[in-house]
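Below sits a lone chain in structure tokens, taken as the form predicted on its own.
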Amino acid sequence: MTAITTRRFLQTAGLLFAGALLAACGKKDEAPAPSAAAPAPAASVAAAPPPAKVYVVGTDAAYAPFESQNEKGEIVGLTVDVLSAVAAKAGIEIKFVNTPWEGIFNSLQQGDRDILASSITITDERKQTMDFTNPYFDAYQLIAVKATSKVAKFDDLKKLKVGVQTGTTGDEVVTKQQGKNSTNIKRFESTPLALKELESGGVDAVVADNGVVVNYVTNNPDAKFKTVSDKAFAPEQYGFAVKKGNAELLEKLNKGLADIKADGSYDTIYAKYFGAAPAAAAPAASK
């Protein structure tokens, strides 16, 4: 065996120590390897946008051609088409829910409905508890009687049995004429039910909004009805109703309504149900 001198030993030891020192320094500069047990950092996930609000629309779907149900149970009619077009222009989502007329105004007050769209005549009394959009339809009261009837004007109804829909303006004008305690006033849940009663002879006449009466008479020729108009009936206008003070929603609806009237969409919808575009609207009489 070759002998190792002290000088050679010290040189060799010095080189080994320096190498170890450099290796140690090198390890300090490196990032520590991730532990197999340590969880990987979670990827950042963007918060999902909140779902768009869907405005619930209350409508009494028994008032053709404005609001009714088709054979599939869908709510259809002029009012439905108009508000749907308004909502599209306003950039809001709506959902129609069939709501009985007797409770429709309470449903708005309690917050169960956001909008009412049910051929609602704008009146000063109703304005006290809800806000209305600009009008979307001009209406007036019309009398329906059998073709053989001698009724020629509203005054002829004073001593006759008259059918009306509960809580409507038709109900109001007949009550004013005959008195609130008159037993000759027959009230029904819907105008078509009142007209059915006229057909069977249970009442002598029905007073209701012109659009509904004309639609029924046209589509039920076997009933052999005729209509009688009277200048004593004040002109009326339908509007969409929102909860009192909901200025933001009211502004959106009015803007959408103005847009569909400006681009001709409203006239197209009107003609779909009445055969022609509406004549220039006459100013409503003060009530």
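Quick note: we count residues from 1 along the sequence shown, nothing fancier. The model shown is predicted, which means the values in this text are computed figures rather than measured ones.
A second form of this protein, the form predicted in complex with arginine, is not displayed here; the remarks below concern that form.
Visitor: Can we say Y55, T133 and N246 each have a non-hydrogen atom within 4.5 Å of arginine in the predicted complex?
Guide: Judged in the predicted complex, none of Y55, T133 and N246 sits within 4.5 Å of arginine.
Visitor: Quick check on Y238: any heavy atom within 4.5 Å of arginine in the predicted complex?
Guide: Yes, Y238 is a contact residue.
Visitor: Report yes if any heavy atom of R126 sits within 4.5 Å of a heavy atom of arginine in the predicted complex; otherwise report no.
Guide: R126: contacts arginine in the predicted complex.
Visitor: Do W101 and arginine share at least one heavy atom pair within 4.5 Å in the predicted complex?
Guide: Close contact exists here: in the predicted complex, W101 approaches arginine to within 4.5 Å, heavy atoms only.
Visitor: Although the partner isn't part of this model, could you tell me whether T168 comes within 4.5 Å of arginine in the predicted complex, counting any heavy atom of the residue?
Guide: Yes.
Visitor: Just to confirm the contact call: exactly one of 176-184, 115-123, 86-94, 195-203 touches arginine in the predicted complex at a 4.5 Å heavy atom cutoff, so which is it?
Guide: It is the stretch 115-123.
Visitor: Looking at arginine in the predicted complex, which residues in 53-87 have at least one heavy atom within 4.5 Å of it?
Guide: Heavy-atom contacts to arginine in the predicted complex: D60, Y63, E67.
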